[in-house]
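Before any questions on binding or motion, here is one chain by itself as structure tokens, the form predicted on its own.
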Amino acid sequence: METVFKKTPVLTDAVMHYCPGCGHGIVHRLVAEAIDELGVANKAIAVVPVGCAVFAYRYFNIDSMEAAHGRAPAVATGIKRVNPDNVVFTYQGDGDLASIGTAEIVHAAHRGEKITTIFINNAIYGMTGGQMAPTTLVGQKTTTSPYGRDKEHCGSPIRIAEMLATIEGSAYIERVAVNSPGNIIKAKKAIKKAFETQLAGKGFSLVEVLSNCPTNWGMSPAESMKWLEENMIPYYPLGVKKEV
């Protein structure tokens, strides 16, 4: 029988720890397939975060390094500068990147570090229990905003892709989503493009991925995908924000 689809060898056989319906597994597959298709698995290095993806090193069949909370861009910078021929990427959530790690990602972009960041935006702190994140939407209920995020008290949700696109050192910035087959296909193309940007030595690249968190949103996986489409995408519009 002809094999028409198989798991990429860049993913291990380890059972993932993510909650049922979580988007992280989808994004892991897309990252692994992009690395495989580009033929760079033997020189790819992942820097994994503190957060839901803290065990990502178990799932990628490549060299990996664990970083302190929010410090993945700094760790990736050191690795890339010492090993300029390697393909170095960080995989970070919104609590890791957009909160404690904001300064790290901004300055990595300003320096034009030739690294790639895969940024998962699910509008909430996942691993620690569903608290409000910098990306939580106005009116969205969390454990620390039970009546909904109040713009007057907490400000507006941060748009990371748009902010980083204004920085001279950034070379490729795009926002995608994994809520539908069509958007998943586009997400893979963006991730592959980000790695190609690094391989071309153009500068800093980042793909922001809108993802779902059924457990902490208090929804079924299907409901969470619909909520993402109806609420997150209007505030976080998809598309290329910068390409040089």
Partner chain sequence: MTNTKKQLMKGCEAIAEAAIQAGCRYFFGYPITPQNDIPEYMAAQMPKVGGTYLQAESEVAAINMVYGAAGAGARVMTSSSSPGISLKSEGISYVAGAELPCFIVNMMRGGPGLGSIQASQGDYFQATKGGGHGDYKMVVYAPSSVQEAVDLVQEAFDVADTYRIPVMMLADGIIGQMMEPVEFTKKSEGRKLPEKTWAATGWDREKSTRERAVINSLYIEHEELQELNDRLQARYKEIQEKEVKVELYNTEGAEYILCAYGTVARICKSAIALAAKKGIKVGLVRPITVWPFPTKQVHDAIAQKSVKGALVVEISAGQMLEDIKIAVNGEKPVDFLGKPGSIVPTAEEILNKIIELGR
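As the structure is a computational prediction, the values presented were derived from the model and not from experiment. Residue numbers count along the first chain shown, from 1.
Note that the form predicted in complex with the partner chain isn't included here; everything after this is about it.
*Asks:* Which one, I158, V75, A165, L137, lies within 4.5 Å of the partner chain in the predicted bound form by heavy atoms?
*Replies:* Of the listed residues, the single hit is V75.
*Asks:* Do all of I45, N61 and M65 end up near the partner chain in the predicted bound form, with near meaning a heavy atom within 4.5 Å?
*Replies:* Every residue of the spot touches the partner chain in the predicted bound form.
*Asks:* Which is the contacting stretch out of 150 to 158, 117 to 125, 98 to 106, 166 to 174, given heavy atoms within 4.5 Å of the partner chain in the predicted bound form?
*Replies:* Heavy-atom contact with the partner occurs in 98 to 106.
*Asks:* Is Y57 close to the partner chain in the predicted bound form, meaning a heavy atom pair under 4.5 Å apart or at it?
*Replies:* Answer yes; at least one heavy atom of Y57 falls within 4.5 Å of the partner chain in the predicted bound form.
*Asks:* Using a 4.5 angstroms cut-off on non-hydrogen atoms, would T12 count as touching the partner chain in the predicted bound form?
*Replies:* Answer yes; at least one heavy atom of T12 falls within 4.5 Å of the partner chain in the predicted bound form.
*Asks:* Can you tell me whether N83 touches the partner chain? I mean in the predicted bound form, with a 4.5 angstroms heavy atom cut-off.
*Replies:* Result yes; N83 sits at the interface with the partner chain in the predicted bound form.
*Asks:* Given that the partner is absent here, does K141 sit within 4.5 Å of the partner chain in the predicted bound form, heavy atoms only?
*Replies:* K141: no, not in contact with the partner chain in the predicted bound form.
*Asks:* Under the 4.5 Å heavy atom criterion, name the residues of 139 to 169 that approach the partner chain in the predicted bound form, in sequence order.
*Replies:* None of them.
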